[in-house]
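There is one chain below, alone, in structure tokens, taken in the form predicted alone.
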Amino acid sequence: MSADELVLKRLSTQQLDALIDAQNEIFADYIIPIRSSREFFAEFMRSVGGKLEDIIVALSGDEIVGYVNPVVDGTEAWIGGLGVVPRMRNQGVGARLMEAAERYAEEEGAEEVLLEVIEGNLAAEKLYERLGYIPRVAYLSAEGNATQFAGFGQPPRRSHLENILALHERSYAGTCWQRRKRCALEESARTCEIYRNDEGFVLLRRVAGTGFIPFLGVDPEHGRKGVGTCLAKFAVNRLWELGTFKIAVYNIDDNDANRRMLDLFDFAVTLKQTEMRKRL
């Protein structure tokens, strides 16, 4: 069956397990292999403010062979996932799904669409460029060992979600979709310890022997004063106290200051992503 013969429809709740099966086939050979599940997918959808009923699937008969996950927030839309099963690739299925997602976004009032592509995923990058997406900014993910750190000054105090919302809005105003949206912060806060001082905040989480720092924000008025480094030192030390062996950070701006901070903690860059944008 060719791409033009496929039927594109909105996902029904009865198709959720079939979608997850399709995702596991799609991402088995991905740069970062992903194993999806109902719980994994539900957590992801909450973190980006997405709705299952907005997902568009490509059907060959009753089989899901591709999907796209558009999320609309005001005049912005974001593509929270695009995939095609291996046997249907290079036949225009991805382009059809993206065009359907863009039509949906425009109908919902979006004026631009954002997405992220992993460095090295050349097929996806070429597809997005053909569709008119332009690189905007790069983000890094990194990993390192947990370390007992001193020299972070007065420790930040334990806090709650409602006490960091304004700080988050200011400090993440110009960064990527997943970091600046309140729903992402709310989802992380469900399982994280939260700390703040007057200039910034940090979230941290331990899962088995791995620590995560999903958010670290500094009020722009206090930027470039060492606040972020002190909060990072505290977070690394706290995760060491909790018994973690490895620490991961995701989607931080690729700039000189953050590169220097990663070097300070001896963290190695594991992934680079580029945010691309298209005006509708």
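Numbers for residues come from their place in the sequence shown, where the first is 1. Here the structure is a predicted model, which means the values were calculated and not measured.
A second form of this protein, the form predicted together with a small molecule, is not displayed here; the remarks below concern that form.
In the model of the complex, no heavy atom of Ala208 sits within 4.5 Å of the small molecule.
Gly144 falls outside the set of residues with a heavy atom inside 4.5 Å of the small molecule in the model of the complex. Contact check for Asn90: a non-hydrogen atom falls within 4.5 Å of the small molecule in the model of the complex.
Among heavy atoms of Ile26, some come within 4.5 Å of the small molecule in the model of the complex.
Taken together, the three residues Gly83, Ala95 and Ala124 all lie with some non-hydrogen atom within 4.5 angstroms of the small molecule in the model of the complex.
The candidate stretches are 126 to 134, 162 to 170, 195 to 203, 175 to 183, and the one lying within 4.5 Å of the small molecule in the model of the complex by heavy atoms is 126 to 134. Only one of Glu102, Glu187, Glu116, Glu76 lies close to the small molecule in the model of the complex, with a heavy atom inside 4.5 Å, and it is Glu116.
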